[in-house]
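Heads up, what comes next is one protein chain in two forms, each shown on its own as structure tokens, labelled structure 1 and structure 2.
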Structure 1
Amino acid sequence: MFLFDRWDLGASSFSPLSLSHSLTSAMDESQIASLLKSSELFPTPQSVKLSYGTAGFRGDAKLLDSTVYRVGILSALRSLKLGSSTVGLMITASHNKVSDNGIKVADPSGGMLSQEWEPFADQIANASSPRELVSLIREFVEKEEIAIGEEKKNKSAEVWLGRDTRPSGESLLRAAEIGVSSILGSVAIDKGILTTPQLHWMVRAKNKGLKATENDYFENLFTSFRCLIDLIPNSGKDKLEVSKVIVDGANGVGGLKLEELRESLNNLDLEIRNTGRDGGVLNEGVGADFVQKEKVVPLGFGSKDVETRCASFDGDADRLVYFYIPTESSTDKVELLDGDKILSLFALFIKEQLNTLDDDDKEGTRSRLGVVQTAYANGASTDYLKQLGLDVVFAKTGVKHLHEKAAEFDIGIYFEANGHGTILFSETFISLLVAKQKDLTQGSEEHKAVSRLVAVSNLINQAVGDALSGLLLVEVILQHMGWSVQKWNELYKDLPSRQIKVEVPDRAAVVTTSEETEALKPLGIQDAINAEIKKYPRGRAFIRPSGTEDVVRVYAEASTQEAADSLANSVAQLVKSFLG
């Protein structure tokens, strides 16, 4: 009973004896002792309600120790549940301000944590005492039939940890390690500073029995990139787009990793700015989220860069957008090529390769190429993709939702307008392509098309959206097409749009339909929004609570920029008056 002597079990009717009995039914005493002892180090902050949200837990880094420790526990349990497969834990708050941090789990497949486990994540993150925490864990392991404790000491969980460049990352990583190790026999392996997609890629590779170090990640990128460069048609080579690309690293981890990769990229003229070394602050006036939402020039870029192809990463390098400063611009506005435009470029290239193949394909093995977008996708992009003859489907905000839908296609391309996306190839389709590659005559157009598709499937991260691999794919496709960034931008013209963040006392008061395009609560707000939309030609607007920041997001589109701005402002006013 020494285990409980140190615990003030308060006025509750809970007795140490009953706790001991109920806990040990699923976990032995040494396991309970381990959890109680370590959780003592991480008391929960008062009055903070945590939710796993769109992409893990996020918030003020100073308040996150206990959350990160608890997610460490969860990740060890997840590994045990899945036969001791390796699970990833990433400490990052992506595009949020530098004083924030966060944590997200990479499942053994390399994808996001299964949504079925999110309610458990919410429960343990919000448990108010060690006793409640241990109780919740006990119930969960019992329900999920996860064996833990002494009997699992030899076949333990394995969790790989990564973090971005935030100053709070290191101490939070220690909290995560303690969480993992509090599940007896579990091993936490610190993989150092990484981009989010690197960790997801490494976890996926490890569980597939492939080489899975950071170096292997880099090697895979430059090998498949070089392969695509070698496959550029001769006629295309004459039109080579030789101008350099300048990358804004958001003062985060992405620029640093791109610098490492650059050593091996002799086919790319690349300049990297905002690496964080020159005193710039993470995500402040820089990065993909800033450029996409504000549509203005990031710090470190200016009139000297007019008409040059530029790209921005976000803080953990899982988002990528392109932009250029037009000649005629007298302001700091940029021409933005967002996730929708990247998606369109990818779709066009893949379709071109599939057409070359399908012409020759008399055996009924035609592929199914589909694209997935969210309500934030620009209406003009959706029209364009449909006009290409593509199957366009919609998913809720958050890549976990898009990824799931894209996986239903042979080749599924998904992108959020903010630049987070990738191309998924089904295992069956890859096997088919590899078999075809062996059968076809080397040097034939069909062989080249198949080889390009295989190389794309290697280059582009199959686990999550990845700014580094996305950048390389955009660059090689532009070289293949012989296109400038301006020519790419002309694929279609974006409908003017505006996004606004509105701070409200309780963003959870906004409840939307499953497609997120209609607000069910507060009552009456949707009718008021509809009345505003009606005033604008091609008007479209919706609101939803952010899953990563404490704001309600407003999105509006209309036929002119003034109209989009005005519609967004009116809707923001409605949000303030209904929720203020």
Structure 2
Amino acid sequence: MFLFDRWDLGASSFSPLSLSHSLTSAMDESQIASLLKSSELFPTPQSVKLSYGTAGFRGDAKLLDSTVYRVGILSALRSLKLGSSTVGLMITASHNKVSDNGIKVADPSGGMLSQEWEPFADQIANASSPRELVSLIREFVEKEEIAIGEEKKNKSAEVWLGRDTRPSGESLLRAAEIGVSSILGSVAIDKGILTTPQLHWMVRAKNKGLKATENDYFENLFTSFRCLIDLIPNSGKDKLEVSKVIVDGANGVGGLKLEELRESLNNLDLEIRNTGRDGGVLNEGVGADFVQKEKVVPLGFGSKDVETRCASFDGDADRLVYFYIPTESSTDKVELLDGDKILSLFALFIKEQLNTLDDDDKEGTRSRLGVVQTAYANGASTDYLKQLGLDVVFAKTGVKHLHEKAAEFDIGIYFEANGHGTILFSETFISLLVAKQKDLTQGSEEHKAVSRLVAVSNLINQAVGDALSGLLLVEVILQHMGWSVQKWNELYKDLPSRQIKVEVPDRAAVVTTSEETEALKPLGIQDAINAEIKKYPRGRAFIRPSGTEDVVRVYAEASTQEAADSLANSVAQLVKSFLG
């Protein structure tokens, strides 16, 4: 038994008996001992305040040992709470610099950690002492009625761990393993180096009772891609010469995994650059975040690539953007096809298949296809989607909010401009498609349309945005349409836009609607913004408080860059006058 009286637990009259009495209402003494002993290995860094968000916890890798250890504890508790379902833990900092790292939880559904557990994540990550940590865990376990220690009987937690290629990943993974195993009977399984979407896919598949190895992930991508290639109309094959696509792997894990997959992709002329094998630095002058924000070519691209179709992954391969270099006279600038353009291509293709089925639908039971965007989506993309007759809805900024909205449709497509997004198919709708596939005459246009939709549901990663599966779906749709990247880019022309950050004394003074498109407080500011918007052709602007710093973010767009800049500056002045 661990000696409790070794610890300074903040009480002058402390005794082992008093600790046992105060903490064992939800946990037995052996469980308390396990937590106290392991937490001694990971003291919390001083003056570091952490908050769990869409990206989980992120920061300087040197300061994250205790955080990763504690999220290991949380993941084991999450598994027990959900009937010992498998939970995932991904160690990554995505598009952040290589010296950073982070950790986030994949729920059994393959989605992100339930928002209801985020406050608990914050509490234990910031607990300043072992006693405070154990006390917080005890209170939470009691509130959530989670059986641990002797009370859990035959149930045990199972947590799958993955990491990207960062040098700090291996040691942080060990911290996560210790955190998981400190909940007695819990098992941590190291799945090795993975993309973030791979781990989410594997966790989702495991809990659905499906094959869930990395090889199964690759096999699923290849099989569904091959099916869609086989279903390309002859007219599409005639219209497009199969051309090369060059992928920027951000010197991260995505390029390495794409190399593994390439061996099976006979129908794709694929070149991969920035794999990290040649000494390139993760996310430094490369990757989806860099290309999307800077609108310049990543390292390793130049005049030899003019007019060639190119794509960029981010560091952990959950974001995808496309680009091409338009002219030889300016080989540093790119024509960007961001998440909005990818969403539009996906929506157009899926609507085409649904139209084929709806035309044949004698019972009038039409499917609900919905598109989910944030207020940051370019207004030209929203106009284009509405012109297609699609149901466009807005969600609060953050992938978890978009995902939740998309799940309300039979087929829901969501993307952020940064290239993170996916397509969700409801289980009911998939069952209807599979049944219809069996009833329709093989080779008929209706049968082909159903088969394409089923294949898309298998190819796309329905757990989370996935650059690998997204790349394959873009490529097969372009072949289906017979389109070059330039033709795709002509779907609509982005409106010029500008974003500004305004420092304010209290960002909480700004309250917006749930879609963040209008400000409810301070009173009168929205009327003032609307008055400014009216001065500019195709003007649109909104403000929203930052989630992490005392600034208010201003977004504006208009028919010209000069107008967008002017509108943004005018709205920024309004923010200063109302909140200054």
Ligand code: NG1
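All residue numbers here refer to structure 1's sequence, counted from 1. Owing to the predicted nature of the structure, the values given are computational and were not obtained by experimental measurement. We call the rigid core the largest set of C-alpha positions that still match within 1.5 Å between the two forms.
- Working note: structure 2 is the copy from the form predicted on its own; the remaining copy is not.
- After superposing the rigid core, the Cα of Ser497 is displaced by 2 Å or more between structure 1 and structure 2.
- After superposing the rigid core, the Cα of Leu64 is displaced by less than 2 Å between structure 1 and structure 2.
- Lys37 shows a C-alpha shift below 2 Å between structure 1 and structure 2 [criterion: core-superposed Cα displacement of 2 Å].
- Its Cα shifted by 8.1 Å, Ala572 is compared between structure 1 and structure 2 on a rigid core fit.
- On core superposition, Thr560 has its C-alpha offset by 2.7 angstrom between structure 1 and structure 2.
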